[in-house]
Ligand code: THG
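Taking the form predicted on its own, here's one chain by itself in structure tokens.
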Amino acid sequence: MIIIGEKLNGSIPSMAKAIAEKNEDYIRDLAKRQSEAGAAFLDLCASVPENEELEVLKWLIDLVQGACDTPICVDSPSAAVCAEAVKFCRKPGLINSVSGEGDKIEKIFPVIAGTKWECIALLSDDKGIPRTTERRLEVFENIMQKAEEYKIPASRLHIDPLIEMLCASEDGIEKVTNTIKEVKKRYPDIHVTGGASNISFNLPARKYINRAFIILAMNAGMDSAIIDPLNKDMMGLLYATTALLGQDEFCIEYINAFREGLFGN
């Protein structure tokens, strides 16, 4: 499982406070702890007005790169800001994100073409969030056509099937799991990702929904997730599910993660 650490996001009140107060020690410590917990990328989202965003992102990127070597996941609703922010990163990372909406792909794909940068792609377009699996797969194929045009291999893409609130769903997560399965069937080397906690918005005891979802999504083929790597219960679940799916030979990764204290008893 490719873990994208979610904690350095200005939409989280504690992180918003740290950004506003320029609390560099807090940010560096949070970056370091997520890295040590096993994050493959650290998501950095400023969540400030767009006219301030690039400056704040540069500051955050510099702080995080000074604290650890984990690649950055540049996160902004603005494709233009993402395209500029990659210039501040010392090594290739992940862009969060593009979609079929507007000209986002045209702003991002030329920047990462010919590099080792990876990119999250949401299965939405100018018509909004598709209501059916079939429509999401149409958007997916349009994105893959653009990727081929820019010679970006499937292995560098993380497809977000759009994880919506369970309490507003008529079919549970069937739409999501069917989308994941078909995406992986068509492109076995591609990654499938998403914000796992989106599923439990407006529900009580959200952790149970989140944990059940991640198991079902991984079984469908999800191999990347934006989560809190400091949550040892969730991390234990990820390692256990990976082993149960036969993706951890002789449970070596599970055993080593336990020995390293990445999850508890």
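Keep in mind that this is a model prediction, so the values were computed, not measured. Numbers for residues come from their place in the sequence shown, where the first is 1.
Below: the form predicted in complex with the named molecule, not depicted.
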Counting heavy atoms only and using a 4.5 Å cut-off, do 6, 9 and 160 all touch the named molecule in the predicted bound form?
yes
Just give me the single entry in 89, 111, 122, 143 that has a non-hydrogen atom within 4.5 angstroms of the named molecule in the predicted bound form.
122
Taking the named molecule in the predicted bound form as the reference, which of 197, 35, 224, 65 has a non-hydrogen atom within 4.5 Å?
197
What stretch, of 180 to 188, 99 to 107, 81 to 89, 114 to 122, brings heavy atoms to within 4.5 Å of the named molecule in the predicted bound form?
114 to 122
Close approach of residue 231 to the named molecule in the predicted bound form, 4.5 Å, heavy atom:
yes
Heavy atoms within 4.5 Å of the named molecule in the predicted bound form is the criterion; list the residues of 59 to 86 that meet it.
75
